[in-house]
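Here's a solo chain for you in structure tokens, the form predicted alone.
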């Protein structure tokens, strides 16, 4: 493959990633946690996406968040208590990182595995 052809193929792949076609963006859970804090998501959804016990506005997001495509679509077009966030305000890369962060949060232990709670 010529150098020019390689650059064309590389540019096409990059365009596909940026436009949401082709391979998924590489997401980073550490960056996702920082973005979750930066954009104030934690204020309604809790620091670990556990939701709010005080208001019904902060839904549970983790563990096992909705699929990334659904997550992005909801954040972009919600008409519920949460305002929609455009890509100008909240870039797709940050959303992918936040999804990685929420996906990395472990499920809580089964209460039966905690001796004190079995008594």
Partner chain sequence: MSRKISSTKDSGPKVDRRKFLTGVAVAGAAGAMTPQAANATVAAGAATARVPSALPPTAWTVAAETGTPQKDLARIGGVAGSDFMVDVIKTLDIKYLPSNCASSFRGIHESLINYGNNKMPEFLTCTHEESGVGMGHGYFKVTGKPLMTLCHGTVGLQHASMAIYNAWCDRVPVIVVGGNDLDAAHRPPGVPTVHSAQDINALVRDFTKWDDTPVSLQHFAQSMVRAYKISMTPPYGPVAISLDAGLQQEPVKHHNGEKLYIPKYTPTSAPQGDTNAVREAARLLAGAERPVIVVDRAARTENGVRLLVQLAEALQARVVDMGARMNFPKNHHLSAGIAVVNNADVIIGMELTDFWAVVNSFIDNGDHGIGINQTKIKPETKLISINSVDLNTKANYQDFQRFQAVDVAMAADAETTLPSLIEAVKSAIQNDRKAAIAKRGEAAKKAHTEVRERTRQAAALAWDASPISTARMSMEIWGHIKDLDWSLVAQTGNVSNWPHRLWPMEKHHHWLGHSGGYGVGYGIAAAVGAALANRDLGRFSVNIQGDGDLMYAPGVMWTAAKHKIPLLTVMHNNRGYHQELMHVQRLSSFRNRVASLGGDIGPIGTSIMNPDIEYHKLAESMGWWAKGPITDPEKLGPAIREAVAVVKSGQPALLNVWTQPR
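The model shown is predicted, which means the values in this text are computed figures rather than measured ones. Positions refer to the first chain, counted from 1.
This next part talks about the form predicted in complex with the partner chain, which is not shown.
Taking the partner from the other structure, the partner chain in the model of the complex has a heavy atom within 4.5 Å of a heavy atom of residue 44. Residue contact with the partner chain in the model of the complex: residue 67 places no heavy atom within 4.5 Å of it.
Of the heavy atoms in residue 77, none are within 4.5 Å of the partner chain in the model of the complex. Looking at residue 48, you'd find a heavy atom of it within 4.5 angstroms of the partner chain in the model of the complex. With contact defined as any non-hydrogen atom lying within 4.5 angstroms of the partner chain in the model of the complex, the contacting residues in 97 to 116 are 108, 109, 110, 111, 112, 114, 116, given in sequence order.
In the model of the complex, the CA atoms of residue 58 and residue 35 move apart by 3 angstroms or more relative to this form. Note on residue 98 and residue 58: their C-alpha atoms are more widely spaced in the model of the complex, a change of at least 3 Å from this conformation.
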